[in-house]
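We begin with a single chain expressed as structure tokens, specifically the form predicted on its own.
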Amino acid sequence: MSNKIIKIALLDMYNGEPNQGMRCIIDVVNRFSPVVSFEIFDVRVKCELPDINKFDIYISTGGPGNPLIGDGNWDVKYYEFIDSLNKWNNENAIKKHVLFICHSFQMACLHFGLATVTKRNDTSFGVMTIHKTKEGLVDPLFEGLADPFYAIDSRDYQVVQPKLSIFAKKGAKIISLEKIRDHVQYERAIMAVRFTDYFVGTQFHPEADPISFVSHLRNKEAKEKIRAMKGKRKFRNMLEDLLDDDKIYRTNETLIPNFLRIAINDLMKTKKMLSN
């Protein structure tokens, strides 16, 4: 693994709880195995963070719990780590690329002061349509995905009330939103943000595949909870959506691969230019 060109750090934010997310992320990363190697860092349990001199690309996972609350140790170091990557990109030609997912995305939005994070009235869980914004229509992260596209959503918290003046000051862009719900007076949550040219994040789970979702449903308690939450008809519709090749399969095969291709191409191009 040491002779591979690009090194990826996977930041485990699951807080020791069993999950399918890391398996899904590793599955996607392994599609690039001739070019990359990866290492996992347990951020919340062991307070592990990578040496930024040794890694090129970072994927920070989703996870359980309240993104507004840490233990005063791992969360402080995590935010310092994000700042160190940002500082690196401001000072160096070879850039560090970061993808923030769900819990990590919420924390990044808070840290950069871009929006408010609130607890939802109820849990959002299942297959959701994600709508691109004007900026999202041309963002390379979403290339190959329809508008709207479909993704697995799982959250008790949401990013809302964007501070547009701070977005403008930092050059950040909202690139997707949740669906419009005319029957309820709720603000549309922010589903993805382009923080910088090299930092991007999604509220939804681009790594999720139907296998991981079905595996979760094999837990009888989980299945009954979701059925009670959604109702039988919506539950059946959700299962149908999982098997549609143009829905979750398409997102799983497109979004993180786009992120990795963009990052790898940028790194190789810059390294080649500097070596000439």
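Everything numeric here is computed off the predicted structure, so don't read it as measured data. Counting begins at 1, following the sequence as shown.
FYI, the form predicted together with a small molecule isn't displayed, but the following is about it.
Screening Cys102, Val193, Ala151, Val98 for any heavy atom within 4.5 Å of the small molecule in the predicted complex leaves a single hit, Cys102. Residue Tyr157 is the only one of Phe199, Tyr157, Tyr78, Phe167 with a heavy atom lying within 4.5 Å of the small molecule in the predicted complex. Comparing 30-38, 64-72, 234-242, 247-255 against the small molecule in the predicted complex, the single stretch with non-hydrogen atoms within 4.5 angstroms of it is 64-72. When the small molecule is considered in the predicted complex, Ser176 lies well away from it, no heavy atom lying within 4.5 Å.
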